[in-house]
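What follows is one chain in structure tokens, specifically the form predicted alone.
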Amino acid sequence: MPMTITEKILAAHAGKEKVTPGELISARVDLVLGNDITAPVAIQEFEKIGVDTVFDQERIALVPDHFVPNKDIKSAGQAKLVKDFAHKHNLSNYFEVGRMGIEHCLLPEQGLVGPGDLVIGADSHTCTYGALGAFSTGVGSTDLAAAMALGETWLKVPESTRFEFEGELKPWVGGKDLILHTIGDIGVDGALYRAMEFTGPIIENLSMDGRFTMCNMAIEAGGKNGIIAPDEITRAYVEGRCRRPYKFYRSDPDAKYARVYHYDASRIEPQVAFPHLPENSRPVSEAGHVEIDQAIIGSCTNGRIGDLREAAKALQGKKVHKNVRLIILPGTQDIYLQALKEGLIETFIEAGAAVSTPTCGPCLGGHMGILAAGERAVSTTNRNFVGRMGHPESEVYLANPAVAAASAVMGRIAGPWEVK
């Protein structure tokens, strides 16, 4: 029976020869993930189960990244609870401030996720790891607790939707623009509980950073997971990095899809998603005159070294507009160090940006970038819901790093060609 890449991975982890969409399965997990917001609830539920210890000390990752460095007493308490649990159970993959990073940038970098894996995390953007050819999806904290005890989870096998990208990318267009264009086309529920499989010549030539960005935002179209078949670009990333054996899966040529979409990437410009949904996407050339107060470059969506390089290209020799705050958050300490070695941090600071230690902070309205009533931000993050980054009367516009950087310079939403 022909199967998609998602179905093959799920079948392998369920110990079955085949699975079909809609089937309920119990599957072993290769890694489970929690952060400083979701892990405390999971830990409390785990203690109720009554087991002595976790299923595997090597396969649980706890990453305090949302409200750290601790923004207040409550967040400090949550972070301590996570740390104490990690120490109690001697977990190998607890990442303290100074060694941590934004979870979905950190785990692939550390080699904790590989092709063919099944990963669940108590964070909706766990779907990021599909860029490596893994099945990864977000779960609730109670499911995380059960998985920490059992090493298994239950899933309904999703239907798959295939997205084919052909043509040639325009300058300044990357993974963020491809996925925003896609969400703008199908809507925020256009792939509800489906596997979003990204294919075609454009994807085959897309960098790992761009692939991570696309799979990261599958959830913004309602997807159960995003996934890209691993290839030589994937192999170059995981070789010498991945800590476990991995396996490359590909969809069968005659695999069944709920729907297939075709996009000519030559027609896609840098995108901007207007408030208050990621589906409100339009070309930056059609944005009009939208003045901003803040720009954010970073997050699990666009905090990787390639993203920082794109931002630096737009900022080189420029100054941030006097009315704008530009906040830049490298995704991990290693990314921060690489940016420092390449002179990117110097470019940012000379332009007038504030550069922070890795944190999710402003993305979820947590800290280090909260918006006041009436303020507008252009951000490389993944969501722009009402009140997402602060006051309910603020506005968030989603864009790629070059657009965010150019907008910071111009004081309004702008294309990067306007500052070069």
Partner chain sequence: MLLKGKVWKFGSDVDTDAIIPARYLNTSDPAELARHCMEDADPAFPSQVKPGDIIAAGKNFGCGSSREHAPVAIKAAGVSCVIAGTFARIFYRNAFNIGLPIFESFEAAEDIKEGDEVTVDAGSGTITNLTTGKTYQAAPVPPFMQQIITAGGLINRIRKGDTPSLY
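Every value quoted in this text rests on a predicted model; they were computed, and no experiment measured them. Numbering follows the first chain given and starts at 1.
Only in words, not in the display: the form predicted in complex with its partner chain, which the text now covers.
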Just give me the single entry in 143, 164, 293, 334 that has a non-hydrogen atom within 4.5 angstroms of its partner chain in the predicted bound form. 143
Single option in 192, 236, 340, 258 placed near its partner chain in the predicted bound form, where near means a heavy atom within 4.5 Å: 192
Its partner chain contact at residue 351 in the predicted bound form, heavy atom, 4.5 Å: no
Should residue 372 be classed as touching its partner chain in the predicted bound form when contacts are defined as heavy atoms within 4.5 Å? no
Taking its partner chain as it sits in the predicted bound form, is residue 269 near enough to touch it, meaning that at least one heavy atom pair lies within 4.5 angstroms? no
Does its partner chain get within 4.5 angstroms of any non-hydrogen atom of residue 99 in the predicted bound form? no
Should the three residues 75, 188 and 364 be counted as contacting its partner chain in the predicted bound form, with contact defined as a heavy atom within 4.5 Å for each? yes
Among 54-62, 373-381, 390-398, 352-360, which stretch has residues whose heavy atoms lie within 4.5 Å of its partner chain in the predicted bound form? 390-398
Out of 7-36, which residues reach within 4.5 Å of its partner chain in the predicted bound form, heavy atoms considered? 24, 25, 26
